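Only one chain is shown below, in structure tokens, and it's the form predicted on its own.
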């Protein structure tokens, strides 16, 4: 496999690798480092890539593992999840403020989720991966992925409802 073949193989998913790394590591610089590390490892193993049914799943698994290793290191205490890919350019000023506030709450709630649920929620609802792909990346069966996603969404929904109904007395 030459350089142009390698680029053709990785181009469709390299941004997804970066977004997953950014979701897990927060820092753009850390995410860029993680992405570069994964791409270098893929390049070094370019001869074996054709034997994999999904190079993208391999890259996402490598990214997940690399990021989790980084989180386990001493830098983990300084990191938090930030997601700023969301914006609604059509909304009015009031709606934009409400959206920012809601998204801020979603980020805070996602920080409290277990790592596995956080990653599955990111891959399914933000990256739009299929359950089968997530199962391969996370080394789980599809049912377990669906259960974890359901639990993550339920926690998110309950916490958001609690936040938005704060101070409202229901009889």
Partner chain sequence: MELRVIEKLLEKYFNAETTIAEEKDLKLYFSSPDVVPHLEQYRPLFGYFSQQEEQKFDKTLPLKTKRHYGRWMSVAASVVLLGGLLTFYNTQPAEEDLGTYDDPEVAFRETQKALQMLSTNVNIGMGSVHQVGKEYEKTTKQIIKEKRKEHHVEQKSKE
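Positions refer to the first chain, counted from 1. Values in this document were obtained by computation on a predicted structure and should not be read as measured data. Take the two forms, superpose them, and find the largest set of C-alpha atoms that agree within 1.5 Å; that set is the rigid core.
The same protein has a further form, the form predicted together with its partner chain, not shown here; the description that follows concerns it.
Enquirer: Should the three residues 106, 129 and 149 be counted as contacting its partner chain in the model of the complex, with contact defined as a heavy atom within 4.5 Å for each?
Expert: Yes.
Enquirer: Let me know the one among 116, 112, 102, 61 whose heavy atoms come within 4.5 Å of its partner chain in the model of the complex, would you?
Expert: Of 116, 112, 102, 61, the residue with a heavy atom within 4.5 Å of its partner chain in the model of the complex is 102.
Enquirer: Can you work out whether residue 156 and its partner chain are in contact in the model of the complex, taking contact to mean some heavy atom pair no more than 4.5 Å apart?
Expert: Residue 156: yes, in contact with its partner chain in the model of the complex.
Enquirer: Please tell me whether any heavy atom belonging to residue 70 falls inside 4.5 Å of a heavy atom of its partner chain, as the geometry stands in the model of the complex.
Expert: Residue-level check for residue 70: no, no contact with its partner chain.
Enquirer: According to a 4.5 angstroms non-hydrogen atom cut-off, is residue 9 in contact with its partner chain in the model of the complex?
Expert: Residue 9 lies outside the contact set for its partner chain.
Enquirer: Does residue 136 make contact with its partner chain in the model of the complex, using a 4.5 Å heavy atom cut-off?
Expert: Residue 136: no, not in contact with its partner chain in the model of the complex.
Enquirer: Where, within 30-63, is there a heavy atom within 4.5 Å of its partner chain in the model of the complex? Residue list please.
Expert: The stretch touches the partner through 32, 33, 35, 36, 39, 40, 43, 44, 46.
Enquirer: Spell out whether the Cα of residue 158 moves at least 2 Å between this form and the one not shown when the two forms are superposed on their rigid core.
Expert: Comparing forms between this form and the one not shown, the residue 158 CA shifts at least 2 Å.
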